[in-house]
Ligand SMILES: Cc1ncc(C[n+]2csc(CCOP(=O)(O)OP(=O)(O)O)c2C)c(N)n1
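Shown here is one chain on its own, the form predicted on its own, set out as structure tokens.
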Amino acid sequence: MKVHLSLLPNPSHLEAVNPVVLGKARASQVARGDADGSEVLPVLLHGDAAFAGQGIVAEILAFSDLPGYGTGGTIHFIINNQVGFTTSPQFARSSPYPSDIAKMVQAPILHVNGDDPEAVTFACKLAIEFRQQFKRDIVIDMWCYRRFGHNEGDEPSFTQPLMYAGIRNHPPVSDIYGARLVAENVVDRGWIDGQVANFTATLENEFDAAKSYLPNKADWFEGRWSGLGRPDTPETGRRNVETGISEDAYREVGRILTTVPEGLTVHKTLQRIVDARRAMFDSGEGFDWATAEALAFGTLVHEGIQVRLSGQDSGRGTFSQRHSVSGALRGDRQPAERGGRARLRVRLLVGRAQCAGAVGGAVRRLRQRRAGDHRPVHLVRRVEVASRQRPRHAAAPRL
């Protein structure tokens, strides 16, 4: 079985790559007809302080189960080295674990010891099986440590003297696991030493090769991007490009845009907009920006290109003219003031729109239960949530 792996660069701890990954995954699902996300799996790697401290993490979690933006569940892997650059956890967040923010969507959280590779592997397999079964986000919080500083010029013992005194005396994961395999008679010491030597030689060879590496060509416009030209190519360098449409396409799109389906009664204000728009198409004069926008979207759909409107202005929103939603023209509404929403449209692909399937309510309710209180969390009355004395529940059992 072959798996295509696509990596996206993360510029910093700010986690700006998160919505880009989810947008690309969603676009790939649409292109493949993967309606429930069974074939495309987004995986996000996080730092512990970044997962707790960067607001964009809360934004993508808030999007995770929306029909227009869900990807069928994301696996979040937190590399928890217990030092956010130079800050101790007790000064970095107001909760015990960096993963606690994921509780807002009732995502399962697996805490695992980074010194135990087999336990980490088990947690990863469990996370994948859960995600594939229930199509929901899940978090792995791998507790580990950073052996050296933030960069080659940093000395972490300046701010973490006790922790780094312990790290200096703590054997690496490879030594711990190697000793375990030898003790269990799985391999002998010679085999381990040979593997270490071979891998070290590979790293040294690749490091030397990188000094003289030159890329042969840019591969950015291959695969699904084929047909798009670089800025320096004649196809994209021309200023005067024919963008007109035929008379037949103009009439056909205009007819569709101004025809109310039989048996449907529309709001009287909207009917006036439709009537005025019909007059514009009949006369060919007096086009306003709203009608021109509708014509532009309509002709793209007419040519078989998927169009997606994103934000509160789609499907209705602020502007009364935006009511067109069809199989190829998607209008996905979302809460306002979300900084990452533009990145969710990172890919424009030709294809038929698909929508992720709904997750079973029974599964959601099962995860939301608390020990001793079997009411789903989202059904607690508002007066109880708003009261000063918050209801106390027994600690939920962890996986």
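Position 1 is the first residue in the sequence shown; the rest follow in order. For clarity, every value in this text was computed on a predicted model and none was experimentally measured.
What follows is about the form predicted in complex with the named molecule, which we do not show.
Colleague: Looking at 167-175, 183-191, 67-75, 82-90, which one sits within 4.5 Å of the named molecule in the predicted complex if you count heavy atoms only?
Modeller: So the stretch in question is 82-90.
Colleague: Heavy atoms within 4.5 Å of the named molecule in the predicted complex: does Q54 have any?
Modeller: Yes - in the predicted complex, heavy atoms of Q54 and the named molecule come within 4.5 Å of each other.
Colleague: Contact with the named molecule in the predicted complex for H150, defined as at least one heavy atom pair within 4.5 Å: yes or no?
Modeller: Within the cut-off, so yes.
Colleague: Since only the chain is shown here, I'm wondering whether A49 would be in contact with the named molecule in the predicted complex (any heavy atom pair within 4.5 Å).
Modeller: So A49 counts as contacting the named molecule.
Colleague: Examine H13 and determine whether its closest non-hydrogen atom to the named molecule in the predicted complex is within 4.5 angstroms.
Modeller: So H13 counts as contacting the named molecule.
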